[in-house]
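Each of the two blocks below gives one form of the same protein chain as structure tokens; they are labelled structure 1 and structure 2.
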Structure 1
Amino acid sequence: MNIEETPLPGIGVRRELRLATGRRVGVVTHRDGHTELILSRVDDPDACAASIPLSAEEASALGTLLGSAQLIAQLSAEQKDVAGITTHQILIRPGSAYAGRPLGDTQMRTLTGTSIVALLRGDEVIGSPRPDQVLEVGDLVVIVGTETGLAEAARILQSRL
């Protein structure tokens, strides 16, 4: 995949992709940090059908939305490469002993040797969560380890009060 980068003197930088359909989709990053999402027109590929201004937060939220599918695909691809290592997603159900408690309380790595690599919370991805990250009901915990380690991890996370 080729990202084409065009400097816009006095304004910022434009980075875009050419899609399989021939359209261009990309982002204009202004000097002051705000971004614009651009999409080229079908009938006039030189021009833009839409250029949507995004605040820094909106842009990063959109990036996460697009990236979360990517992250999960990447994790499952990685798991194929390393024999004996698997990725699991474990849901924090209502009533779980760890809902509302920091991640460090699970002592996951010490007890099972597995690693929690991400939390999926609604549309948000919390990558590489720190031990003080508080778990919530509905969180999907993405966790990597050996088969036995993961089974043990699931038991811990799903234990009831």
Structure 2
Amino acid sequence: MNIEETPLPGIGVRRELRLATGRRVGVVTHRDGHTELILSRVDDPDACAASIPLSAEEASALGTLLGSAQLIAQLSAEQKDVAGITTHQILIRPGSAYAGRPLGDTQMRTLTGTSIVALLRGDEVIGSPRPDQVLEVGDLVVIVGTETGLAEAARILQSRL
């Protein structure tokens, strides 16, 4: 996939890729550090149809969501032949009772029978995180288990202070 990079004098840098539909989607990184998600118009690929400003945290979470698709697909493919086992991903949101706390505090395996197999943090993948790994807002927690266990895991990770 070819990513086009265009310097925007006095503004920053635009990075875009052309989709199979002919549209362009990309990101403008401004000199002051803020980021915009942009989408071209169908009838004019050089015109912007939508611009969505993102905070650093939002840009990081969106990047994680988009980048995690490949990891989730790989885990799902590996579990394809194991009946009753599923992979879910749960975002640690602001106000989560576990944001800023070690993973071990969740007692996830003991309480739900599920296994946390990875944390996706920005561009980083933390595989097989240890119990002392501190969860952060924006982390995407990748969990494997039964549907019942995963529902309970989601309830735990989404509980509020």
Partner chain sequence: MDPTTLSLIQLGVVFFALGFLGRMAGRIGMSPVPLYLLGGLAFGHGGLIDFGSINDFAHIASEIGVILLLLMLGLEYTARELVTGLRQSWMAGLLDLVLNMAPGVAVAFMLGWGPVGALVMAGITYSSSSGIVAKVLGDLGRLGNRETPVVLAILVIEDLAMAAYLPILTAVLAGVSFLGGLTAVGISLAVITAVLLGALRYGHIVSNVLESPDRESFLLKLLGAALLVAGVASALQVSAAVGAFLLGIAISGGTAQNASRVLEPLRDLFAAMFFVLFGLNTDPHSIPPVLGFALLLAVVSAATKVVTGWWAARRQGIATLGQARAGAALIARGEFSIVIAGLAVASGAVPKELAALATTYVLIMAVFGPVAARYVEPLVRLFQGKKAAGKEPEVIF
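Think of the rigid core as the biggest set of C-alphas that the two forms share within 1.5 Å after superposition. For residue numbers, the reference is structure 1: its sequence is counted from 1. Worth saying up front: this structure is predicted, and the values here are computed from it rather than measured.
Q: Name the structure that is the form predicted on its own; the other one isn't.
A: Note: form predicted on its own is structure 2; the other is not.
Q: For a quick test of reading the superposition: does residue 112 move by 2 Å or more at the CA between structure 1 and structure 2, rigid core aligned?
A: Shift at residue 112: below 2 Å after core fit.
Q: Comparing between structure 1 and structure 2 on the rigid core, is the C-alpha shift at residue 140 2 Å or larger?
A: No, shifts by less than 2 Å.
Q: Taking 2 Å as the cut-off, check whether the CA of residue 35 shifts that much or more between structure 1 and structure 2 after a rigid core fit.
A: Shift at residue 35: 2 Å or more after core fit.
Q: Once both forms are fitted on the core, what is the Cα shift for residue 25 between structure 1 and structure 2 in Å?
A: C-alpha shift for residue 25: 26.1 Å.
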